[in-house]
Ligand code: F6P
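Shown next as structure tokens: one chain only, the form predicted on its own.
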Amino acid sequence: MSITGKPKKIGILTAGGDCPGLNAAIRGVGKTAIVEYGMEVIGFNAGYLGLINNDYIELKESQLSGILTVGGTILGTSREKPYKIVKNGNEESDKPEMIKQTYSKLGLDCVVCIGGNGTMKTAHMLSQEGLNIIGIPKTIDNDVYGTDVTFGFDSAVQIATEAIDRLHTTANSHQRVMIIEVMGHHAGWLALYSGMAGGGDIILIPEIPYNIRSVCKKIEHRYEDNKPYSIVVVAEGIEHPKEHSAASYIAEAIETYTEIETRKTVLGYIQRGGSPTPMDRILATRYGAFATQCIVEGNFGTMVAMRKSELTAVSLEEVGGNLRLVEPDNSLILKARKMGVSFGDEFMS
């Protein structure tokens, strides 16, 4: 059922980790709402904290100009989880109730929640409370369930690939093994795509169990074939001792077993910063504009998504609590194996 009558009042928030394209998404929602539908738009500061504390700013069209190419988020963000019970003495905070009070006090018709898996899970729970909610998926990990792609991913792939490109020259000059660690706690999309784009020789992702001796054998075979250096791309979430970073563990193991000089690079937050790529600017803008269309049509309790190159809306119930992981038979993995790329499992018994 669509909303009719007076112009609507909507809120926007960005939650979870920052990533390139957040401002483009805010702009996509806000400009479409204001210019096309005459809506009133407010932005909540610091993610769900703003919704809890009634902390917001009014967003005019002029404030949404010039932010398309800017990294970060003009609204700020936080990892606040309203449904996580925190006891204060004998009292338990009731943040969901505070959110509902803010929503009612401001006379909102909808809140657009821009974020990753945790944000979508909270968005679904707020939807169950009776609030009109629309989700927009973002994360450099590309692991939000229900959509083929999230904005922020393309930008992170470009940054990681450029870093791998630069490591090739050092690795070749010194005939070393170079380890590069990229983000990805549970999903290996970033390691897989940047590893393939950057010509990685070994790619280790959380979804494919690896054997460190298999990794070392692959490197030794490369040296025997007169390939004097190797590039190993590692997702941070692979299985490894927690007292080490993934890159440190792999580097130390390779030097121990092969006695080949090995160096490591951990990209860290560099992957999340800076201006979004043109592809992410476009995707975030399309998501934002489509979210506003969903508001007009009354299609609440949903997350905007891209499926088979088409925009659609999927139920937040379907999204919340799920992860989109790399399948071991992913077509890119199969093609990579045929080209000699190792995933650390070739010599396992």
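Please read these numbers as outputs of a predicted model, since none were measured by experiment. Just count from 1 along the sequence shown to find any residue number.
Separately, the form predicted together with this ligand exists; it is not shown, and the next lines address it.
Requested in this report: Can you work out whether this ligand is within 4.5 angstroms of a heavy atom in all three of Arg79, Met183 and Glu236 in the predicted complex?
Outcome: Checking in the predicted complex: Arg79, Met183 and Glu236 are all within 4.5 Å of this ligand.
Query raised in the report: Of these, Arg272, His124, Lys95, Lys218, which has a heavy atom no more than 4.5 Å from this ligand in the predicted complex?
Result: So the residue touching this ligand in the predicted complex, by this definition, is Arg272.
Query raised in the report: Given that this ligand is left out here, which of Ile140, Ile133, Val177, Ile203 has a heavy atom within 4.5 Å of it in the predicted complex?
Result: Spelling it out, the residue with a heavy atom inside the cut-off is Ile140.
Requested in this report: Select, from the options 67-75, 255-263, 183-191, 105-113, the stretch whose residues sit within 4.5 angstroms of this ligand in the predicted complex by heavy atom distance.
Outcome: Heavy-atom contact with the partner occurs in 183-191.
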